[in-house]
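Okay, here we've got a single chain as structure tokens, the form predicted alone, with questions on binding and movement later.
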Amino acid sequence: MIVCVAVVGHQNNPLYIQSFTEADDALKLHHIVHCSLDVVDERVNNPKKSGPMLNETFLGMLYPIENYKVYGYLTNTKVKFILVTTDLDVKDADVRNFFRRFHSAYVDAVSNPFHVPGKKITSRTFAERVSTIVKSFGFSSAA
């Protein structure tokens, strides 16, 4: 189950963060997302040590913490997508599919002529689309 998704700008400024839990874990999830930025920077700046190629946008699992697994994705414009999930046996194909759909929703949101680049994403349509993507996570690879 996905508990949090985030979009972080190229200067590590949060553009969008949404938690999908009933409990008051929002602050904890914000902290997890913030800590994952160090891992993303390490993988981008030291590609030989981290495994995936530099031209690969999917960064894979960044790190496990407590009952969560944190995954990362880096766009060509250095915008980072972070996914926090409670599932311990997530397939990479499902996560890649999630990030592909999430990236598509992000591109549509920032292509809005009224969106100011580098500012928080406040689009209600984007939030609804993200919720739909999160709800369908893991059910089907074809979307």
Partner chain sequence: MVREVSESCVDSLMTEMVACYCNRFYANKPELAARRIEAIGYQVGQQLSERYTMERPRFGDHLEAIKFICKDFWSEVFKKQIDNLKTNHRGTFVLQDNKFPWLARMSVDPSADNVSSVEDYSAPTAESKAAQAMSMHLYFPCGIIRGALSNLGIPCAVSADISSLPACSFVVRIKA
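Numbering follows the first chain given and starts at 1. None of these values were measured; they are calculated from a predicted model.
Below, we turn to the form predicted together with the partner chain, even though it does not appear here.
S.K.: Would 90, 125 and 136 all count as contacting the partner chain in the predicted complex, using a 4.5 Å heavy atom cut-off?
M.R.: Not a single listed residue reaches the partner chain in the predicted complex, so no.
S.K.: Taking the partner chain as it sits in the predicted complex, is residue 86 in contact with it (heavy atom to heavy atom, 4.5 Å or less)?
M.R.: Judged by the heavy-atom cut-off of 4.5 Å, residue 86 is well away from the partner chain in the predicted complex.
S.K.: Residue 77 versus the partner chain, in the predicted complex: is there a non-hydrogen atom within 4.5 Å?
M.R.: Heavy-atom contact with the partner chain at 4.5 Å: present for residue 77.
S.K.: Considering only heavy atoms, tell me if residue 98 and the partner chain come within 4.5 Å of each other in the predicted complex.
M.R.: Residue-level check for residue 98: no, no contact with the partner chain.
S.K.: Can any non-hydrogen atom of residue 44 be found within 4.5 angstroms of the partner chain in the predicted complex?
M.R.: Looking in the predicted complex, residue contacts with the partner chain include residue 44, since a heavy atom lies within 4.5 Å.
S.K.: Counting only heavy atoms, which residues in 93-119 are within 4.5 Å of the partner chain in the predicted complex?
M.R.: Those in contact are 100, 103, 104, 106, 107, 108, 110, 111, 112, 113, 115, 117.
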